[in-house]
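Laid out below as structure tokens are two forms of one and the same protein chain, each shown alone and named structure 1 and structure 2.
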Structure 1
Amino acid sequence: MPAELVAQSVVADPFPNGVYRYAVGGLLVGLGAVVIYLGTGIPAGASTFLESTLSYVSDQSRFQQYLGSRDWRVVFTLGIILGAAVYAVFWQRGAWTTDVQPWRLLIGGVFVGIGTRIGKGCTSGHGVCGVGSASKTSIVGVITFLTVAIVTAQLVQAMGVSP
């Protein structure tokens, strides 16, 4: 079909789903972090929850440094899950499940778990609170993981893995 060929040859729309959901969602993510910061002075990140929660079940010395913060980190994470559930009930109208294959999620998760903890933060700690603080460490961290993630995702796609 000529029309389809033309559509494919034109540079793809950089925002095929518009920008509204992304911009509004991003502002709310920032607002959530700000609410906690205003009241407590804590710049909250999401990945420390992994290590701090492990302190309930493991006596490894590395996890003991989070004894003082592990309870509120559980509350923070429960809030994240319930906030997303509110979206699912009233906007998404039902459960949504991913088609990304379990092995990708599992192995990717292991790398995420190791990497965020060694690298001192994730997309919320470095990406939102760190970049918001104009922290050079966080900006370097974000550039590092963004670049590596793009290369990884492109390689996986080139190898024909989908989804």
Structure 2
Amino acid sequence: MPAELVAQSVVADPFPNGVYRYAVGGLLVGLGAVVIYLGTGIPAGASTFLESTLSYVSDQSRFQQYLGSRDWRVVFTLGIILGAAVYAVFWQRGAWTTDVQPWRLLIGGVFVGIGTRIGKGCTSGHGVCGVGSASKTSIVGVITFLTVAIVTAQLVQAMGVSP
């Protein structure tokens, strides 16, 4: 097999939908983080959306720390939802669906929600902004959740679990 075919196979196997969509998606995520950081001086992250939104209806001090940033956090989160909707309508064939059972999504969501509060950030906050700024806590967080995700995915695949 010529070297070019081997090289194409190595690249094509992990990216069955092509490399460009991941590169373009990563570029847009990175640009979004840059815009937020340049405009606010705060690393972007979606996990603080709930707490900052609760500051509109609660007087508890833990939520009041977001008074100065809650408005842009709402706009940022709405932008994430709007961007995904625009992509789904114009470039994706039909709405996104999943075969994953709702109870599995709910349990996974609860773990992610608790984990992001304990870890003081989510995958986007730690993975994109934290690692990008060489934050030691973010590097530890990313290494930890990637390790758990890789091990879990390998175990699930080996066990033959399906949605």
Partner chain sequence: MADRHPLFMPLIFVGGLIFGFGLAFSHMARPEVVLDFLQFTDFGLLFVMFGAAIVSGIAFATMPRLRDRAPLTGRPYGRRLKSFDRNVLIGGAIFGVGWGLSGICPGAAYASLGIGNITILWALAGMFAGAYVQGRWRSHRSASKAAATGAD
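Just so we're on the same page, rigid core means the largest C-alpha set that superposes within 1.5 Å between forms. Here, a residue number simply tells you its place in the sequence of structure 1, counted from 1. Predicted, not measured: the structure shown is a model, and the values here were computed from it.
J.: Pick one: which is the form predicted together with the partner chain?
T.: Of the two forms shown, it is structure 1 that corresponds to the form predicted together with the partner chain, while structure 2 does not.
J.: Verify the C-alpha shift of residue 144 between the two structures: is it 2 Å or more after superposing the core?
T.: Comparing the forms between the two structures, which are aligned on their rigid core, residue 144 does not shift its C-alpha by 2 Å or more.
J.: Superpose on the rigid core, then tell me if the C-alpha of residue 87 is displaced by 2 angstroms or more between the two structures.
T.: Stays below the 2 Å threshold, so no.
J.: Hey, does residue 67 budge by 2 Å or more at the Cα between the two structures once the core is superposed?
T.: Yes, the C-alpha position differs by at least 2 Å between the two structures.
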